[in-house]
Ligand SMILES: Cc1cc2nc3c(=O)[nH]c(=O)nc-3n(C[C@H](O)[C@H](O)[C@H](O)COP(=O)(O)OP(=O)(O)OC[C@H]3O[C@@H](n4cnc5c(N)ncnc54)[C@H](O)[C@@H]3O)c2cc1C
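Okay, here we've got a single chain as structure tokens, the form predicted on its own, with questions on binding and movement later.
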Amino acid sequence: MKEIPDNCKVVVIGGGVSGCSTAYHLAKFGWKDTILLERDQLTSGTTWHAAGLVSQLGPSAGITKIRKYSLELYKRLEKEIDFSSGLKLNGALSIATTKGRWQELLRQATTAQLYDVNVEVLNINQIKNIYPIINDQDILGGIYMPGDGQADPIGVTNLLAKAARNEGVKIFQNSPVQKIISKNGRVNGVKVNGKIIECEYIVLATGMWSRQIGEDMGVSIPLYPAEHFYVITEPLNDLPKNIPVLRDFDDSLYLKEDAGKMLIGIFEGKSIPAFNKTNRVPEDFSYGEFPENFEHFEPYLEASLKRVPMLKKAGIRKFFSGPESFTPDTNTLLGEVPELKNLFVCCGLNSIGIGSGGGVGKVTAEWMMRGHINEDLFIYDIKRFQKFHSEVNFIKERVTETLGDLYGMHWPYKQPKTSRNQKILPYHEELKKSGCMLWSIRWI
């Protein structure tokens, strides 16, 4: 068994997809003296239960570049180290059942072409051709991205971990960090299993634990886990094996074929914050699940049966409910925290961790090594937030909304409805009485 060293250049904390990706890229780019510490086993936090969807298109050029790079990285590493990440790229189909949604999808198709992402705009007959089991009632049209699909989240993480080890990274499982040590306003080391490791940099890739880790040391990391749901059906003999991932945004649904079964997942408009009694994620919460909440899921299950009628004859093999962390604006948290020098974060992936994991690890490594980034990624920079954004009352209420924002309508100047009026002008009420439209920075 390898012995934990006394010192190193970088300690990456967290053995999910983002931690393994960051460690790999640091070593690949030259910082070989990197170790990764995982409190339990790789993927045991939230990565293990990810749906594993892989999508190339993002809301900006920088984010699209991150997602495209992630997919290309997984393809390349599979060949280089002869290890499967479970990639299955049968494409992804998004449908619209309202005029507003159809306009949004057409705008996405135009954007995809600008970013060199292959996209096809489909009519009803074309949709039926690539997804023959769909009920096309009330569908106005769809867009199809043939290069998208799905991957195995455990396979992707172990692929990155193996690649990291090949580059010289030392990975230690069953090694919970007990304390982050700082000196003169910068990180100085960590305490793990009673041993001190001195280091120059630390990366928090600690997922849903990140907020409370930061809180304990006076660092603001605004995310919180919500209960996240999907069901997996019994095997269906007539289910085509080559159908694309289906996203029905207006019904808050995604569906993917999974080894002859169908996985039905949701991004509902009002989610349920997790761990309500303590407001903290238990330190020993590994491969954890919550009790079934069929009442909450039932309306979306009914919508899925309407959209894909053959599911009516399928039994449910697995009802899954587990934690997934979300941020105040449904965007990832990257970069150096303002409170402590050389403490970087790579967390808050808002349920798109597999599709973005390769790219956010690369960006984090480059950011640390260069001291800056070349892409416009302010939308991901943790410095966009203030202290109050990580206060538990603010963030718990906000995640009831941000989970659903992934599939909600993304209207121009859309304003959040939860956790409002955190900071107001002295003459706020007078402006309201005079009939002013009070726009705010969207996450306040």
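This one's a predicted model, so the numbers in the text were calculated from it and none came from an experiment. So that there is no doubt, residue numbering starts at 1 and follows the sequence shown.
Quick note: we don't show the form predicted together with the named molecule, though the next part is all about it.
Site annotation in the predicted complex: the residue of 63, 53, 27, 382 reaching within 4.5 Å of the named molecule with a heavy atom is 53. 349 is the sole member of 349, 95, 221, 160 with a non-hydrogen atom lying within 4.5 angstroms of the named molecule in the predicted complex.
Contact with the named molecule in the predicted complex holds for none of 133, 239 and 255, as no heavy atom of theirs lies within 4.5 Å. In the predicted complex, at least one heavy atom of residue 49 sits within 4.5 Å of the named molecule. The named molecule in the predicted complex is approached by residue 17, whose closest heavy atom lies within 4.5 angstroms of it. Taking the partner from the other structure, the named molecule in the predicted complex has no heavy atom within 4.5 Å of any heavy atom of residue 364. Residue contact check for residue 10: none of its heavy atoms lie within 4.5 Å of the named molecule in the predicted complex. The chain is drawn here without the named molecule; in the predicted complex, the stretch among 303-311, 175-183, 114-122, 140-148 whose residues come within 4.5 Å of it by any heavy atom is 175-183. In the predicted complex, 320, 322, 323, 324 are the residues of 315-335 with at least one heavy atom within 4.5 Å of the named molecule, listed from first to last.
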